[in-house]
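Alright, two takes on the same chain below, each alone as structure tokens: structure 1 and structure 2.
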Structure 1
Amino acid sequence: MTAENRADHRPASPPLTERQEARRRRILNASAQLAARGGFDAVQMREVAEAAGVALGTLYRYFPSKIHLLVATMQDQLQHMHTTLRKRPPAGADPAERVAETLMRAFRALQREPQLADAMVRALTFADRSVSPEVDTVSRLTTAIILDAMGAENPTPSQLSAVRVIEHTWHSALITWLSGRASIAQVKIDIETVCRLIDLTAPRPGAA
């Protein structure tokens, strides 16, 4: 088994110091830059370490594999999107419109860096159980972005189910677009269609 495929059996880590956080930030930036230039295959751990100015062993202490690194890169990109969306929230008239607008804005952000988007999506696809915490964080961030757009502070189980279906559709649409099997126009139609589930699961006035 190669170093890049080692399972992550580390215990929960303590909070990072300011210096460690800065080092982690350099690593994530280097990963994103390499992926943006050459896609999944361009992200090699040795090259990432060199670009970030850290030792290879140090890089593996932060991210045990290339998959861990790229999933963390997607998490970082989503956090940035979330911050941007909170500063400039969607202006749709109802929750379904706002979620569709939000997801299309996120999609267009990924569209600007298709190689990076492809690398991150491939990492999510290849992720095994050792990457479950990072994948779960990506899912939670996506859920938070959708719920913010909905304005749902206390979502019902039905609404959360709708959100999961929307997440799956968005992820699938991204994959089909990256593989050249769907146009941007088709992605937009699919996103707008699935977002109608929000209206169907909205709590009705007077419901028990």
Structure 2
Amino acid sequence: MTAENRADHRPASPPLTERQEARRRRILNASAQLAARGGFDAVQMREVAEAAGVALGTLYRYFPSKIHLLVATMQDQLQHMHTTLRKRPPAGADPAERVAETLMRAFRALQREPQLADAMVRALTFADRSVSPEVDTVSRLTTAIILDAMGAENPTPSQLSAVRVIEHTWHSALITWLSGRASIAQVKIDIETVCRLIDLTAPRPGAA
């Protein structure tokens, strides 16, 4: 983590003053709260602004679109989850099991706030090019969580491919669940299925 930013996730263009940091926090909280109530549609920019006690124009200065706001909200939540997960690492014997366990744990957390999950995941997959940097940050965070669970310090390219595919499956499976087209059990099966790829790409014990 560089010294430029305090939580390895914002470009730290101009360092924010204290009041600005506080505003940003209020906005993100308001966003998460509204999302938790009614999902994507309930996060209305005017309402977020009012709940956060800022003017609409200010909200847009901090987050240039609703999608940016929700992706930032997801970043925020993921950060929480990452630190939470680090405290109690998965117990499985082999990497595939541990990754599946970790993702299922994350999945259960999302089930507790399905509307919030809806808002964040929909924003993430709907994001266009203008949000790429932010979406990429989320993706890197997710990758980090999965690699942590694998216990892979120096992943091989083929392991990284597997992780990419796992992420794809994770996002898409979430979407099918959120839109009611797949059950929780289905998501579990899909996650376990894709995690089998990890065994397939594990460097053989004897290899350098």
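Residue 1 is the first residue of structure 1, and the numbers go on in sequence order from there. Computed from a predicted model, the values in this text were never measured in an experiment. Superpose the two forms; the largest set of C-alphas matching within 1.5 Å is the rigid core.
**Student:** Give me a 1 or a 2 for the form predicted in complex with the DNA.
**Tutor:** Form predicted in complex with the DNA: structure 2.
**Student:** Superpose the two forms on their rigid core, then report whether the C-alpha of Ile189 is displaced by 2 angstroms or more between structure 1 and structure 2.
**Tutor:** No, because once the rigid core is superposed, the C-alpha of Ile189 moves less than 2 Å between structure 1 and structure 2.
**Student:** May I ask for the C-alpha shift of Ala22 between structure 1 and structure 2, in Å, based on superposition of the rigid core?
**Tutor:** In the core superposition between structure 1 and structure 2, the C-alpha of Ala22 moves 2.9 Å.
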